[in-house]
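Only one chain is given next, in structure tokens, and it is the form predicted on its own.
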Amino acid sequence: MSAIGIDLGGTKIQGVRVDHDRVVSDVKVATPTGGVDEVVAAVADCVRRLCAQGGVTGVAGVGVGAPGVVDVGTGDVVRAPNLPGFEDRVALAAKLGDALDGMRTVVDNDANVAVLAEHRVGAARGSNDVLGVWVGTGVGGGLVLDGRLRRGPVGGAGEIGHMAVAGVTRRCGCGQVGHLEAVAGRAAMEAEARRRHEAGEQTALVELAGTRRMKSSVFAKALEAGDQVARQLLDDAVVALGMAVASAAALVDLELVVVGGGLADKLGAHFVGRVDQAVRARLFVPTSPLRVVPAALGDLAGATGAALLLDE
């Protein structure tokens, strides 16, 4: 029987239909900016399109990976600052289930489902202690310890984007100052690039993006063109990621870190290699066999893992 997986991001909604751990079809739409009802309607539309593709009649249900803190027991998104309308608790599973005429619906954190997919069918297969770091609109994280996904008592385990990092003074989207996401998240880097541009500093980032969102491809193009602002922002992001991942490794003694997300995927293995070097330079145990590797499943990791939730 098929399962539908939805990766609900700040920029896009990615959906897949999975049969026997294999993606057989996918759809992608832009995330609406008008609030909860628009987002639920867009997700429901993706699910219906996936159900219709190939004449599927047997669908076990839909799993959703959502940003922020998720109450897995209720399917509520407790807080997702990067998603319009989700600043306070939203009963996402109940709302989506109603929109889909009672279809079984489960919700988990987007980084959790992405690391679940990489652990089961991706770059982390065979590893028992894994941290997934997803560098996109924000910075998400998920933990697998002793071979099992670790959520924590309030569902916040692995939220590395909201780890405090020394030297970071920018305000995070959650309202706190000094978090990793405030320097390594794409949205935060865009805000800083535009601030510098308004202050008179020329940057290809603004020239390429104009008034539109500064997508990951814009950062890649600006970096390739030798843009100094893009280089500085990404240098700062690499250092901050190195600090945060090394701190996580000191706390739970990891064997593997998988780095993915829209920005990391677009910048490629060189970016992940730089993060690996930044981590290794800060490890408490220099001889640790910890490896930092690129995610294997690309854009489909979150949606694939969301579908796999139906098997949990």
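As the structure is a prediction and not an experimental result, all values here were calculated from the model. Residue numbers here begin at 1 and follow the sequence given.
The protein also exists as the form predicted together with a further copy of the same chain; that form is not presented, and the subsequent description refers to it.
No residue in the set Val206, Ser217 and Asp299 has a non-hydrogen atom no more than 4.5 Å from a further copy of the same chain in the model of the complex.
Here the chain stands by itself, but in the model of the complex one stretch of 225-233, 114-122, 170-178, 197-205, 170-178, has heavy atoms within 4.5 Å of a further copy of the same chain. Not displayed here, a further copy of the same chain is kept clear of Val183 by more than 4.5 Å at the level of heavy atoms in the model of the complex.
Contact annotation: Asp101 falls outside 4.5 Å of a further copy of the same chain in the model of the complex, judged by heavy atom distances. Within this chain, Arg151 lines the site of a further copy of the same chain in the model of the complex, having a heavy atom no more than 4.5 Å away. Within 4.5 Å of some heavy atom of a further copy of the same chain in the model of the complex lies at least one heavy atom of Leu131.
For the options Lys266, Arg274, Arg282, Arg49, the residue carrying a heavy atom within 4.5 angstroms of a further copy of the same chain in the model of the complex is Arg282. The single contact residue among Val239, Val165, Ala187, Ala91, judged by any heavy atom lying within 4.5 Å of a further copy of the same chain in the model of the complex, is Val165.
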